[in-house]
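Presented as structure tokens, the chain that follows is alone, the form predicted alone.
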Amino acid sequence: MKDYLKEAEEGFSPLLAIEEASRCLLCHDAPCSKNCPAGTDPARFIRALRFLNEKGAAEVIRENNALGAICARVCPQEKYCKLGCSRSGIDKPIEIGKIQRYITDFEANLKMNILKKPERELGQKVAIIGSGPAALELAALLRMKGYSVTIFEKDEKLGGYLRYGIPSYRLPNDVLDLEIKRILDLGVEHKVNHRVNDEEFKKLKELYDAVIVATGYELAKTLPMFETHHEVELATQFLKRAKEMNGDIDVYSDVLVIGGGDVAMDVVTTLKRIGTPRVIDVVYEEFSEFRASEKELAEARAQNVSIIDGYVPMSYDGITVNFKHRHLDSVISIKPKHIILAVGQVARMQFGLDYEAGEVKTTNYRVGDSNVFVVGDIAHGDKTVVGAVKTAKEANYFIDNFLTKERAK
């Protein structure tokens, strides 16, 4: 439990943060900023820190990303900003995420209040169903424009997968709580323990000027061979259970995890941090095609997780799981004490929305000619936290245009 609550990485000291920022080449074309899906603009905040302007750096981050402290911790920077860093051609890319974390920690310690309430109320109401990263970012953006915003959340607390999926050692609850508090302090209303059903959805469309669906990929996938075996646990259930109990849950002597994405890496690392002696992860992909981020994979390896790549589960009799390699003439059998499936998530198809390949069909995030918009995982785009922020910022533009035209009628 103690390891579960301890952050996986230590933050920069002021000296280290400034030293790292001083490595920036101050590129005119700022490829790191161009590669940030959320538009957090690392080139500007690194430049500000380099010239000892921590407050200015915090303002750059927060004005571009209401979830700046969260993205600093959970964004796979090696796929985005660090991938574009020109410093890579000299030695290694700048640790942009760690710099962003240092700046947002500085902001928190000084109790800075960068996000501002609107100067005027526009008199239009917006309902947001769900409270994950896309919902939270969009709530902040719309509220700061002057719209009345209400979030409807099925769980006890706001945050969605940020709260109930990402482990505490990657995203501490106090960081998430502060991010959410800043957004609620703008005047965003919220209703928790409130699952919107199809009938209420119809009423919301009449009561609110715009309704945004941000329900994410709520349902964990399973595999046919495991469907009748209730002792097999789904990754999202396990991660939620571990986080709600702060890692203080029963420990098995050995656990088999099936899956190789970031969720699977969260599962295996969580298992080791709560004290599981032996964790085996069997992955469909070979290492050359691994889907998990480099940082998550490195953490799993550092925790001595046994990772077997390139194998497909073939059968399960309640005791033994048999796997076959995708390319080699090789079969393995494992008899684990416990099994956790981390083979992806899907959307809960609801509200009569038209889905295709797990995404709702929209034009500019709008469903047909209705007042319904969609953001987050069920919208087209990258299924990451930073991708969710991107969809929220893009949808904000179209929602504001729609509501502006409605006001003018």
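Computed from a predicted structure; not experimentally measured. Note that residue numbering begins at 1 and tracks the sequence as displayed.
Separately, the form predicted in complex with a small molecule exists; it is not shown, and the next lines address it.
- Taken together, G260, F290 and P313 are entirely out of contact with the small molecule in the predicted bound form: none brings a heavy atom within 4.5 Å.
- Residue in contact with the small molecule in the predicted bound form (any heavy atom within 4.5 Å), chosen from D155, E233, D177, D105: D155.
- Site annotation in the predicted bound form: the residue of P336, P172, P118, P76 reaching within 4.5 Å of the small molecule with a heavy atom is P76.
- Exactly one of the stretches 128-136, 242-250, 276-284, 316-324 approaches the small molecule in the predicted bound form with heavy atoms within 4.5 Å, and it is 128-136.
- Although the partner is absent from this view, Q350 contacts the small molecule in the predicted bound form, with a non-hydrogen atom inside 4.5 angstroms.
- The small molecule is not drawn, but in the predicted bound form it has no heavy atom within 4.5 Å of V149.
- Using a 4.5 Å cutoff between non-hydrogen atoms, E299 does not count as a contact of the small molecule in the predicted bound form.
- In the predicted bound form, none of the heavy atoms of G84 sits within 4.5 Å of a heavy atom of the small molecule.
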